[in-house]
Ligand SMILES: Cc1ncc(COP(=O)(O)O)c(C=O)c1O
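Have a look below at one chain only, the form predicted alone, in structure tokens format.
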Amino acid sequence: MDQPTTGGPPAQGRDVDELLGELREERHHDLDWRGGRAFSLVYNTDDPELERLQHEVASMFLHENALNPFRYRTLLRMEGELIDMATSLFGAGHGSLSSGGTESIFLAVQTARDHARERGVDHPVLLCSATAHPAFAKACAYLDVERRSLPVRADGRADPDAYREALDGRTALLVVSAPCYPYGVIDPIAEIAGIAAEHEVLCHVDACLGGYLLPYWERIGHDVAPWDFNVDGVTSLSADLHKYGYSYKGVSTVLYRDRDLYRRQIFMYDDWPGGLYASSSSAGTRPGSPIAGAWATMVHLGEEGYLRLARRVSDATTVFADGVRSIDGLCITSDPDMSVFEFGPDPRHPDAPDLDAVADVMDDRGWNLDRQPGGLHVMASPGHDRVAAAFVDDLRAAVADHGTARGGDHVYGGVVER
């Protein structure tokens, strides 16, 4: 006789088709990113052939483990070629893959911490602007690094003078963004990296958001200020393949100017009976599927594909931005350098709308705009070019008739407690 369950999984397993049917039904209530009405979390290429390739590759490498890449020679080749493509694209010397932007940032902060400790700094300090991604605060909290958050200029960009004034003998790393998430503006990287070089400290460019779009953004005609390893003083850079690299979650790159810095993030240990344990990132077990998916995505798209998708992103961004500016009472709160921006109530308007109430109406119409304290956030993907005009029409209607706000939250992430 079967014993009653004492916890863990259910006592009796369930049928495969029953479970799949239940999940398909439940997913009807999840974020519909394919419909073009979402503005974060997933970067929709609106490319069925690319999606078909990714699904096939994900299935093919679903069970592979890149903990020991020498056991999976195909993954080893793919990973090497991905790193080669990234280093050549950004002018880096060395680097590795990671599971996402947060891990890339952790690795860069850990590398800077250990670099500072080697020169006798026991309590290193990281300097960043208030617009830097929260992953830097998280990394500092985990890695025992002091973070000093600096004010930004009126245009939302980091202030080089604030960095110069805050820098002291404990400074280990200056952080700049290309672009920052809230406003879509690129910090004055050349100037701040120059300050870092002048004082012989490290400078990290957080290009997790923009890294795999900015090279093509410039090639299709947009002005892009210098931001990568072509800038003297930039010593490390993070860029996410699962954002504008258009791969699926989760894969990112963390890159360094020289081998010495890169080697600081490598962990090796052989004082146990199992033999040598070595890893170039913080993860041990690494799923093979994201590595294979990123490689297949980059090779399938090629430069031509990335340029084609950049044009679609640019077209969508133009419609979004021009539409917002055409609506009485709204304004874009920065001068964005890319396909990301915040819009809010125009402070010069005598009767500017309540943006939380506007967001409620947009929610009712099926749009999923992220809410920030200063307004609403737009991040354009290639698939948005099909729906941008409809978005502007709905936004205009929401501003004209929005009623009272129902209390939506300004959130970026979340915690599940059980």
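Start at 1 with the first residue shown and count on from there. It should be emphasised that the depicted structure is a prediction, and the values quoted were computed from it without experimental measurement.
There is also a form predicted together with the ligand; it is not shown, and the following applies to it.
Although the partner is absent here, residue 181 sits close enough that one of its heavy atoms falls within 4.5 Å of the ligand in the model of the complex. By the criterion of a heavy atom within 4.5 Å, residue 188 is excluded from the residues contacting the ligand in the model of the complex. Residue 100 belongs to the set of residues with a heavy atom inside 4.5 Å of the ligand in the model of the complex. Mapping the unseen interface onto this chain, residue 86 falls outside it, with no heavy atom inside 4.5 Å of the ligand in the model of the complex. The partner is absent here, but in the model of the complex a heavy atom of 209, alone among 109, 209, 82, 203, sits within 4.5 Å of the ligand. Taking 193, 158, 105, 291 one by one, only a single residue has any non-hydrogen atom within 4.5 Å of the ligand in the model of the complex, and it is 105. Partner proximity in the model of the complex, defined as non-hydrogen atoms within 4.5 angstroms of the ligand, places exactly one of 321-329, 238-246, 166-174, 276-284 at the interface: 238-246.
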